[in-house]
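Consider the single chain below, provided in structure tokens and representing the form predicted alone.
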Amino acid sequence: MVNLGSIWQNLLASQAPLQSMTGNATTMAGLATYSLPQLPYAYNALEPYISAQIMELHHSKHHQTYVTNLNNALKVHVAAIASSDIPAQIAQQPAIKFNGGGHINHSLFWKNLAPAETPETNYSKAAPSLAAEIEKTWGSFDEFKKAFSAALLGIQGSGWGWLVKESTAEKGRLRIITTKDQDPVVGGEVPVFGVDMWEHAYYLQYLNGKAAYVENIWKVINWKTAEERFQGSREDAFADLKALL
């Protein structure tokens, strides 16, 4: 069986295959599939900071590929379980992790972006509780932005940068983390917002100017969504993803 940590317990439990028991064997009689979420804005809505061309390719091609490959890998994995083929089950785990992570990360990413100069992108008004915690942790928004941007630019190869809320209410409940390739945020942490640092997220517009992309991404962060995730639970953050089944 796939063992990718608590994130899969949360997400895959919602689409668990129908099961019938015959002796000691488990037969998977059906499997729900994931689908590509619609964007909450038009492809050109984030211009000039993220071009319509990038958004269309990123969403309709790259994200769709993760969804398609995830569904295919889950189908093969279920068949391997039904036939008690342990090597085949193990062989599917990298594909499920990579494509499942890609689907999770992008589904969160689209929702934590919004058109510039809208109420959702007004940091202090849209996210008062989160803003207070950021300033408590880093001293000021500028210091937080500097630390987060440095983390993004420090990613070698492909990956993501995240602001996460820890599962405990201890001091330092907010942290900046990075994840490699399409690895999602796992454990008990709540992903408040994330930034995609794969080249397909910026290269057609910014070429090798990652720093300019990072500077401009701040203009389209949806602080309203970030505030909701900060105030909510991990299950709340992933509720929309579960609803895609």
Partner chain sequence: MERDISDSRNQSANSLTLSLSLDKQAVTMSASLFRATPVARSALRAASAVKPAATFVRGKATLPDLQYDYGALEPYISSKIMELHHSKHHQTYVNGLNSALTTIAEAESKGDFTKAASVAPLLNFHGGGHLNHTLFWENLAPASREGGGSPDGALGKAITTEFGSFESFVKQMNAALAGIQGSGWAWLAKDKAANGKLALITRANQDPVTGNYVPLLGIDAWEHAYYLQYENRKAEYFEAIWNVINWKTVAKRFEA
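From a predicted model like this one, the values you see are computed outputs, not experimental measurements. Positions refer to the first chain, counted from 1.
The next section is about a form of this same protein that is not shown, the form predicted in complex with its partner chain.
Undergrad: Can you check 35-43, 55-63, 184-192, 216-224 and let me know which stretch has heavy atoms within 4.5 Å of its partner chain in the model of the complex?
TA: In short, 55-63.
Undergrad: So, in the model of the complex, is residue 204 in contact with its partner chain at a 4.5 angstroms heavy atom limit?
TA: Flag for residue 204 set to yes.
Undergrad: In the model of the complex, does residue 158 have a heavy atom within 4.5 Å of its partner chain?
TA: Contact with its partner chain, yes.
Undergrad: Within a 4.5 Å heavy atom cut-off, is residue 116 in contact with its partner chain in the model of the complex?
TA: Residue 116 lies outside the contact set for its partner chain.
Undergrad: Taking the shortest heavy atom distance, is residue 95 within 4.5 Å of its partner chain in the model of the complex?
TA: So residue 95 counts as contacting its partner chain.
Undergrad: Give, in sequence order, every residue of 185-206 that has a heavy atom within 4.5 Å of its partner chain in the model of the complex, or say none if there are no such residues.
TA: In sequence order, 198, 199, 200, 203, 204 come within 4.5 Å of the partner.
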